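Just one chain is shown here, as structure tokens, and it is the form predicted on its own.
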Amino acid sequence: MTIEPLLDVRGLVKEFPQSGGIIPGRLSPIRAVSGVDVQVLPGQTHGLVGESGCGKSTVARTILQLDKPTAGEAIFEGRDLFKLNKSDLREARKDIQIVFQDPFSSLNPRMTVQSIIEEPFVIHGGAHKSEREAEVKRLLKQVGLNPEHAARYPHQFSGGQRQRVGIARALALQPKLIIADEPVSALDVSIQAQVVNLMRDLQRELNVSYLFIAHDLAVVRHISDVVSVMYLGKIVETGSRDDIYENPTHPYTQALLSAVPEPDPILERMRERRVLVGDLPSPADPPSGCRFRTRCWKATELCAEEEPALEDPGVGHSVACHHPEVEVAISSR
């Protein structure tokens, strides 16, 4: 039986105008996201991974229309979010919440934790003050914080605790989907595991879906059911977690996984490394054909002339590459 996706993003494009130049308005726009498709199923996590500057966070912000999309669709429970009026979009946002990357800058330093977490109730209504206070205490307890600390301010908490406050705020309206935009990248490694485990536990308890955005492959593997690898505004490989981590087929995915260190020093010295050369090209002037070709050790003339389609080359998942390595497996532990 086919399960309908909770969120189905199709052909998402986001362009930003460039300022400056000799003739105003003549510079070509920067295409940060170029035809991205992402599906999030009910109760599952879709991981979106790639290096800094590839457009991951722009995808998140555009879905929520914090940045307006240039083209594409974002179908959420049968409705295109990009075509909703302000009133309907406001209503839809009850079911779609976001956890931001920096837990310090995303929390108002002048507001207590009580006020921060109850703000969604104030904005969307539906609860009296006494009910809001009780719900805030319940939410704090649910994310592993002391309910008695609701009167404190964000600066009185550690980074991990602040991110738990951000998660509690996102859970306040009982959303069906949470977009987590690099939720642990600003935290210490020891705290990252605690926050990721918390999110997994909450998913099992509440059946909430995640679009989990990160550049840390180990974190994405730990929490995701499906993984999409993004490079310079495009998806280059997508499949189940096992597909991507046990049988990476795109050269970029292989390079990302080979950069993850092995805990065993003997295996670390013996294993093959895929080292990328050069810098990430500018999205204002991307390479012709395959966008990864300028850093790829397998690039040919075909790669410069023709953009590869995202399709299954016979490995069980989709890859955008003219020369996929269908028998290479580089696993990361």
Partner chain sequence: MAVPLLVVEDLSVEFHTDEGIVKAVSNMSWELAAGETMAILGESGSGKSVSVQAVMGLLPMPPAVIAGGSIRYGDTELIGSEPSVLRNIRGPEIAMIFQDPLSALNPVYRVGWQIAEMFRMHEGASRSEARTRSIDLMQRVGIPNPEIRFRQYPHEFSGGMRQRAMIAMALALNPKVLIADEPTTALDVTVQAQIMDLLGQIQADTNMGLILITHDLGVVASVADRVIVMYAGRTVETGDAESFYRRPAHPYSKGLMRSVPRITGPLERLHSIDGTPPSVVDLPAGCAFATRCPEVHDRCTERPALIQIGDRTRTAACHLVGEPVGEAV
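Positions refer to the first chain, counted from 1. What you see is a predicted model; the values in this text were computed from it and never measured.
Omitted from view is the form predicted in complex with its partner chain, to which the following refers.
**Q** At 4.5 Å between heavy atoms, is Pro261 in contact with its partner chain in the model of the complex?
**A** It does: once its partner chain is placed as it appears in the model of the complex, Pro261 has a heavy atom within 4.5 Å of it.
**Q** At the 4.5 Å heavy atom threshold, is Arg200 in contact with its partner chain in the model of the complex?
**A** Output for Arg200 is yes: heavy atoms within 4.5 Å of its partner chain.
**Q** Counting only non-hydrogen atoms and a 4.5 angstroms cut-off, does Leu276 reach its partner chain in the model of the complex?
**A** Close contact exists here: in the model of the complex, Leu276 approaches its partner chain to within 4.5 Å, heavy atoms only.
**Q** For Tyr245, is any heavy atom within 4.5 Å of its partner chain in the model of the complex, or not?
**A** Yes.
**Q** Go through Ala127, Ile191, Leu84, Leu206 and name the one with a heavy atom inside 4.5 Å of its partner chain in the model of the complex.
**A** If I apply the 4.5 Å criterion carefully, the residue I get is Ile191.
**Q** Between Ile167, Ile235, Ala180, Leu256, only one gets a heavy atom within 4.5 angstroms of its partner chain in the model of the complex; which residue is that?
**A** The residue in contact is Leu256.
**Q** Would you mind picking out the stretch of 237-245, 135-143, 206-214, 70-78 that comes within 4.5 angstroms of its partner chain in the model of the complex, counting non-hydrogen atoms?
**A** Answer to the contact question: 237-245.
**Q** Decide if the three candidate residues Arg10, Val227 and Thr300 all line its partner chain in the model of the complex, where lining means a heavy atom within 4.5 Å.
**A** Looking in the model of the complex, the three residues Arg10, Val227 and Thr300 all stay beyond 4.5 Å of its partner chain (heavy atoms).
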